[in-house]
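In the form predicted on its own, a lone chain appears below as structure tokens.
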Amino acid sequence: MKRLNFLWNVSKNFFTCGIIGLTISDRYISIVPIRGGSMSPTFNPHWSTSVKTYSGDRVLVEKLCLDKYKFSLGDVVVFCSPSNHKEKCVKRITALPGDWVSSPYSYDAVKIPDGHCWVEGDNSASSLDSKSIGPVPLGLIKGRATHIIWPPQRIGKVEQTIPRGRIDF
């Protein structure tokens, strides 16, 4: 009887911790692995196409910015791919709703519609971003990357950089 009571208490504690952890991960913060080289050198600075490694940076993603879509130029965001909802992408916001963006590959300018943003990878040679898929709906954004937490030698804050390609009128 005493053993059954002990198992019941342990089970309740694990269940409670699991629910609390799931709530925190869903609503406030989570940890996301970064794969590939589209955000190099910000993330995975030693990534190369010839040697594909499966260990990459891990970042802390805060989700409080989703409350009222409080984003700034230069924020690095995690979002669901518009073409595959199971795939997570990590890119930098280079334009917000109402901004104009020009592409270095054409003479056209694009106005970012309400409820959307323009995202680009830091490594433009290896990035599938808004230059290919167009503006990304803000509703697909899952959070903002704030800190690199793995590997230990790279622990630190994610820097906001000035976006290029924006047109100010």
Partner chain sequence: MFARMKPLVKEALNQTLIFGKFLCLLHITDKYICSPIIVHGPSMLPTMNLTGDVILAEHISSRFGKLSVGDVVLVSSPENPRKTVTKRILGLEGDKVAFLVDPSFGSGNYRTIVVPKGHVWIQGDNIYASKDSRHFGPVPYGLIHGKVFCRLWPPDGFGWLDQ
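Between two forms, the rigid core is defined as the largest C-alpha subset superposing within 1.5 Å. Residue numbers count along the first chain shown, from 1. Everything quoted here is computed from the prediction, not taken from an experiment.
Just so you know, the form predicted together with the partner chain exists too; it's not on screen, but the next bit is about it.
- The three residues 15, 22 and 68 all sit with a heavy atom within 4.5 Å of the partner chain in the model of the complex.
- In the model of the complex, residue 35 stays away from the partner chain, with no heavy atom inside 4.5 Å.
- Taking non-hydrogen atoms only, residue 72 never approaches the partner chain to within 4.5 angstroms in the model of the complex.
- Although the partner is absent here, residue 116 lies within 4.5 Å of the partner chain in the model of the complex, judged by heavy atoms.
- Though the partner is left out of this view, residue 26 does reach within 4.5 Å of the partner chain in the model of the complex, counting heavy atoms only.
- A displacement of less than 2 angstroms separates the C-alpha positions of residue 154 between the shown form and the other one, with the rigid core held in common.
- Once the cores line up, the CA of residue 25 ends up less than 2 angstroms apart between the shown form and the other one.
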